[in-house]
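For reference, the chain that follows is the form predicted on its own, supplied as structure tokens.
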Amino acid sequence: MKQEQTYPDIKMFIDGTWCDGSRGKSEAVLNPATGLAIGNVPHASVEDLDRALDSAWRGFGAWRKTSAFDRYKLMRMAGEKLRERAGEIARILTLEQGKPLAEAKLEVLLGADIIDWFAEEARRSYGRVIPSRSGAVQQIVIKEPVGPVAAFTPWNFPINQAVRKISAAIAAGCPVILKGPEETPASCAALVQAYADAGLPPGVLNLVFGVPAEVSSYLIAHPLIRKISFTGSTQVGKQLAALAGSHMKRVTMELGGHAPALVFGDADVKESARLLSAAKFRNAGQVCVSPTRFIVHKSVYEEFVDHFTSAAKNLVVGDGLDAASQMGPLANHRRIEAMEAFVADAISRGGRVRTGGKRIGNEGFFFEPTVLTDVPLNARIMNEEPFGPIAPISAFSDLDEAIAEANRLPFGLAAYAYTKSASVIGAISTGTESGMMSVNHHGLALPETPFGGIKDSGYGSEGGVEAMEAYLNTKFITQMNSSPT
């Protein structure tokens, strides 16, 4: 049964205080299951951004001097508070984002795990001693926090995208100004509240909302910001990276993808269809690492299509607060229009709809889980990231053809493959151009593993030890301990 939930009053968090925008501007937050407004999110003015910048700079002065052990203890406390509130936060997340409640709760709990992991890494930002060429000289390398960070996070995973940026920065000793998503502000604010309640000093974490282009252009160009982290579309990411480059700012970019999923003739077809369909329709396909191009060996093609289509047909689509729902709505009406355009274009080029292809009802933003076959390579769905519940399935004949199709697009975020052959695994592991690859299971986005792409999917990592490096400067110090003779 669907359960009602009161939506919280949204504020920004600047200099340790929750506040409205100084000019009173705001926009409505919609429940994607109904399309109706459930609240309002304030917009930051330039004056608000300046307050956040001043606060972050002051926070940097104190936080960089806080010991790694003390940062670790505070972060672990924030993680526990997030766990304690997981049920409450999950309902808020589902209200504003739409995903099924079980998925929302898993996102909150994984967020707590990510905080814990980076808390531990706070204690492991090791330097090193370099053997010198003179007994009188000592050569050491130390790691220092890079400085205030401007972080921009999307609506599809409002906890897990934000928590990676916040936790890596804070663990390294850097304050953060987080530009949260206007579509899903309350769950993002709940994450910030957990950190605040754990005792994070004022200025170390600030949360603002507003017109994305206005906030990003102001923060990235500002001299107090030393590092930028962005998750979003490739188009916007390139613009922000260019702006950051013009100011010599360090950048981490986690951008769009169009992940190939290769299924070879020796794979367990039924199991691969089960796992890939679950991954595809998770969060209604609104996942940057979602498998989006299914490339199946011709010997098992029809069998795979049948299993995958059956899984799509049997998915229960509905309000995420309904316990029976397995897939919720899309985030907004723009996504509905995008899905309809993809399907219409594919059909116009000879594509076949095996199941789905249409909006569900006229209340909320629901779209049928959709399977397409016979889609030519010049169709939009084969070249543009769908970011929705549409799965185009095509056939291949040999290994070289499969790898060539996997690498055809300029994206390189994630890739998947199913095979029992060790030689094929070796070939695709080295031959596929992607930042991450998962073979015979789905094991991406764990806190301890790298998370990032190559080519037009961005650069840098938001997971594993690699994530910490982006928030640390390397300083070399050479000193003579006695006068030379």
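Quick note: we count residues from 1 along the sequence shown, nothing fancier. The model shown is predicted, which means the values in this text are computed figures rather than measured ones.
One more form of this protein, predicted in complex with a small molecule, exists but is not displayed; see below.
- Contact annotation for Glu385: at least one heavy atom lies within 4.5 Å of the small molecule in the predicted complex.
- Using a 4.5 Å cutoff between non-hydrogen atoms, Val236 counts as a contact of the small molecule in the predicted complex.
- Contact between Thr231 and the small molecule in the predicted complex is found at the 4.5 Å heavy atom cutoff.
- Contact between Glu182 and the small molecule in the predicted complex is found at the 4.5 Å heavy atom cutoff.
- Annotated contact segment (heavy atom within 4.5 Å of the small molecule in the predicted complex): 252-260, selected among 252-260, 167-175, 189-197, 131-139.
- Trp155 is the sole member of Phe281, Trp155, Phe366, Trp117 with a non-hydrogen atom within 4.5 Å of the small molecule in the predicted complex.
- Only one of the listed residues (Arg334, Arg124, Arg352, Lys358) places a non-hydrogen atom within 4.5 angstroms of the small molecule in the predicted complex, and that residue is Arg334.
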